[in-house]
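Given next, in structure tokens, is a single chain: the form predicted on its own.
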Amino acid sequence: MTAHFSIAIDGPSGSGKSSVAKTIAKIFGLFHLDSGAFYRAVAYYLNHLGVDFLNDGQCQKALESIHFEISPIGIVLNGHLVGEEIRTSENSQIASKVSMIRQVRVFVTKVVRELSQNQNVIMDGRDIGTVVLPNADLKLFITASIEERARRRQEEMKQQGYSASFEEMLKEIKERDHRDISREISPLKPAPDAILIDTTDLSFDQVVEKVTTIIQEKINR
């Protein structure tokens, strides 16, 4: 693998892109960055401060007070390791709205670009191949049917100890898809040169095997 090899993975909520990226990072020894986690962390922080998301001045002041670092076990925001509190259904919904704010997108894009510099990296999100890493060596767009993504999200919530119906998860996924696809700034869409992978009828291991094969073919060219 050449120096500074980069892989961009995009896809909608619940497609499994983050789990795949984490596993692929271990297989190939890549530095993994989950851009969505940064948006969730920012959303949690701004909400905790009581920031009015529609107030540009308040948002900018809050963003200027944020300092991110990466530790071996996760994201560190202003000296505090963030955990599952950023992945609740409530915070995920807030993050989906916060990610539509131009200032926030500019801020997070700058942060993850800086953290990924001079490393072999795999990064997942919703605009990685189109905006954050437009020159990535390999771009993938991982998706699945909306019903399958809702089912996966429901199972994830149960594993975290939260109760959620399939109908609730389906509604949440539909709302997030609409916001991600229709937002003016960096909307969710496959990069023109991205490889599309539909995981609806694939097991996790099958997806990992498929992605591993694609990466190996890219490296060996």
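Keep in mind that what you see is a predicted model, and the values were worked out from it rather than measured. Residues carry their position along the shown sequence, with the first being 1.
Beyond what is shown, the protein has a form predicted together with 2'-deoxycytidine-5'-monophosphate (DC); the following relates to that form.
- Though 2'-deoxycytidine-5'-monophosphate (DC) is absent from this view, in the predicted complex it lies within 4.5 Å of a heavy atom of just one residue from 138, 95, 121, 133, which is 95.
- For the residues 183, 174, 189, 32, the 4.5 Å heavy atom test against 2'-deoxycytidine-5'-monophosphate (DC) in the predicted complex is passed only by 183.
- Partner contacts here mean any heavy atom within 4.5 Å of 2'-deoxycytidine-5'-monophosphate (DC) in the predicted complex, and among 99-107, 138-146, 75-83, 113-121 they occur only in 99-107.
- For residue 152, no non-hydrogen atom is located within 4.5 Å of 2'-deoxycytidine-5'-monophosphate (DC) in the predicted complex, even though that partner is not displayed.
- None of the heavy atoms of residue 45 is located within 4.5 Å of 2'-deoxycytidine-5'-monophosphate (DC) in the predicted complex.
- Applying a 4.5 Å heavy atom cutoff to 2'-deoxycytidine-5'-monophosphate (DC) in the predicted complex picks out 125, 126, 127, 128 from 112-139, in order along the sequence.
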